[in-house]
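As structure tokens, one chain now follows by itself in the form predicted on its own.
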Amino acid sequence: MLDSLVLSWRLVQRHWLVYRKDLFANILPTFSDPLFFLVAFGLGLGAYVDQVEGMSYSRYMAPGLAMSAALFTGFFETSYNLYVRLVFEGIYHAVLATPLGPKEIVTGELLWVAIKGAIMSFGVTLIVLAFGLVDARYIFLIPIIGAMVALSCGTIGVFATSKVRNINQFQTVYSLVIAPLFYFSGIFYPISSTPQWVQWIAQLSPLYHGVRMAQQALWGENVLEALLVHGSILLVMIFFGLFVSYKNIIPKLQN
């Protein structure tokens, strides 16, 4: 088990060596997109919305936007990026010539996703903290929550990679799965204000549970309750996603 994790970590190191070559270009969209949403909606729509749950609209959006960085990091890394490495670059064929097997490759990919999700969500949080929009007391929880969101959403990307026939089909996954997660997980408005059927569907969203934990942590309210309830649900989703991901992607890596 330990030897397998060490081998998986080698893949993480390989990805970092490649990623850091264009570090600024790689991290810029992850940080800039949430900030543009914050500025555009906070200054624009926020001028018409007095308060949401007793706070400014910008303060309400800030935790969710931090988690959106983990969502997009998790999905795009395990969909487009994984597919390119698998099909076009043939990276995994070369990796399989080393002591790493398919299981270590998948584990390495998901470790890389979790680490990136933790860093990206924490980076966005530090920026909104500088604007005074969040409470810093429980900020140490954000990397953990971000890693969980990235991992759960990353398993969606892995599953999609195992099923698509060409890279263009990821657009369908994004449009029908990832975009709805982004817009209907409580980032821009309380889910409690939506119809009951929307609230039930939101319970199936890993991002929703991550957003709820981040909100409570960065607002300093009911933190333990949020971690126990939403954290437990998100862990179940992660384990289910890992099971499905390993089962479907490993045969494709072996081909």
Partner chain sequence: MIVICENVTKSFGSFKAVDDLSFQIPSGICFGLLGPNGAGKSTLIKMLYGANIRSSGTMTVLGRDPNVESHIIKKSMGVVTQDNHLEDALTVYENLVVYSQFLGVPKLTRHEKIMSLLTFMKLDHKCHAPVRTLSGGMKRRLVFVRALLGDPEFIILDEPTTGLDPAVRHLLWDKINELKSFGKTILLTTHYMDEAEQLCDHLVIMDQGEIQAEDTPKNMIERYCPGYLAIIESEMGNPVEEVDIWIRQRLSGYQIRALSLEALHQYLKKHQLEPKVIRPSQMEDVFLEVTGRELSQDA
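Numbering follows the first chain given and starts at 1. The structure displayed is predicted, hence computed values, not measured ones.
Just so it is clear, the following notes concern the form predicted together with its partner chain, a form of the same protein that is not shown.
Among heavy atoms of Leu129, none comes within 4.5 Å of its partner chain in the predicted bound form. Contact between Gly123 and its partner chain in the predicted bound form is not found at the 4.5 Å heavy atom cutoff. Contact annotation: Ala94 falls within 4.5 Å of its partner chain in the predicted bound form, judged by heavy atom distances.
Contact annotation for Gly101: at least one heavy atom lies within 4.5 Å of its partner chain in the predicted bound form.
Contact check at 4.5 Å (heavy atoms) against its partner chain in the predicted bound form: none of Asp135, Ile139 and Arg212 pass. Of all the residues from 1-36, those having a non-hydrogen atom no more than 4.5 Å from its partner chain in the predicted bound form are Leu7, Arg10, Leu11, Gln13, Arg14, Leu17, Val18, Lys21.
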